[in-house]
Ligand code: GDP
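Only one chain is shown below, in structure tokens, and it's the form predicted alone.
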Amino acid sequence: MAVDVLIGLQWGDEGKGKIVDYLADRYDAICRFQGGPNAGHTIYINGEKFVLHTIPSGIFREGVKNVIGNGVVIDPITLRKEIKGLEALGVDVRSRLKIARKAHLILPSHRYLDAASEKAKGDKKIGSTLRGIGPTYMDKTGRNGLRFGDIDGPNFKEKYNDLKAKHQQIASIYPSFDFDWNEEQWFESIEFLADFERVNCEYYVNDILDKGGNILAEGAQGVMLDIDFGTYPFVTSSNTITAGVCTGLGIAPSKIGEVIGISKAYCTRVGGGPFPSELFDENGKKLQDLGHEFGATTGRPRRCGWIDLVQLKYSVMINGVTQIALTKSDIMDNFEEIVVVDRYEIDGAESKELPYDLCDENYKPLHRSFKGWNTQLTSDKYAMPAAFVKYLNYLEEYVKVPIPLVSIGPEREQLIVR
């Protein structure tokens, strides 16, 4: 069997959690393959809101295994809090959750370095969530990291102290500031997590496949935050694209099956960095208000803009997307005019390619307008307004990928299955 992949095609916050939850009972396992507690996957079940930061979004489905893969970085305090919150709701987390031994741990000193570095950048800061993600990935690639499987070793505390000392030496170049290290809680959380099943992720997931099972790999953030192909340097510290599944879980490229891309019917971005289709007018404010566009993890307001099809097609190309789920289509119900970016003007010439550097190059997004549908969308695919169908058809024609799922609200059932 194959590993299907679900990824965000924009700057994150596309609604991946809901779609994973909807699809989860079709799979034997849901696996997170990158990122850390900077993710915020929101799920609504029976009117109740759940936000997951590290745990895969299939955790609510009985009989489905959930794996935190080796490509993820784990903050023990955050993960413990997340688990306890789910257990308080009656979710059997202990039997459903597996944690890769090779996943790296976020130390309190990683968070300190993150905050110190961001403070030092002043108005040039990149918009870090200050959760220690970047410094942890730096230690991983620098071959200094502490991994989840190390908790079983006799010298775990020694490794911790050595890494902390290294971080304190690095931090000496920055001005000091007040910081809650929370070390006691960190070690208490390590003891708590020691009761959960630790797996050799590469063997675990391939064994599921060899036995005829199927897996859904769940990404965090979005393509435009990928360390290689995003709007560098305003990006995250991992590969958010399909290729990251192979290194983040330990599977061969030939094992990849369907690639399901998630896109909003418009665009949002949290924090700094280039955002070509951003709106600074009443339409941008309307999208923010109607869409409740505030970060699930940070609470920061999201910048809003029209959907950027040049960017979307770029994401489809890089990831080999085979189908798209379009979310928050209902937010567009009350617009007289719907606008899309479908080409750029770069140095005076029109182009359907993204510039090399969206931060500095001379470009201008060019628009195409559609008549709005001005009615409330329902889950009845036969009752879709003609204007909405025209809009969907144009999106499919432009990116050359079908859109079989259209989300029209936060609940599981609020979907148009085309």
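We number the residues from 1 along the sequence you see. Quick caveat: nothing in here was measured; it's all calculated off a predicted structure.
Missing here is the form predicted together with the ligand; even so, the following discussion is about that form.
Every residue in the set 15, 41 and 330 has a non-hydrogen atom no more than 4.5 Å from the ligand in the model of the complex. The contact residue chosen from 167, 302, 111, 104 relative to the ligand in the model of the complex is 302, the criterion being a non-hydrogen atom within 4.5 angstroms. The ligand is not shown here, and in the model of the complex it never comes within 4.5 Å of any heavy atom of residue 404. The closest heavy atom approach of residue 24 to the ligand in the model of the complex falls outside 4.5 Å. Taking non-hydrogen atoms only, residue 395 never approaches the ligand to within 4.5 angstroms in the model of the complex. In the model of the complex, residue 399 stays away from the ligand, with no heavy atom inside 4.5 Å. You can rule out all but one of 242-250, 96-104, 321-329, 334-342: in the model of the complex, only 321-329 has residues with a heavy atom within 4.5 Å of the ligand. Contact annotation for 383-418: residues with any non-hydrogen atom within 4.5 angstroms of the ligand in the model of the complex are 407, 408, 409, 410, listed in sequence order.
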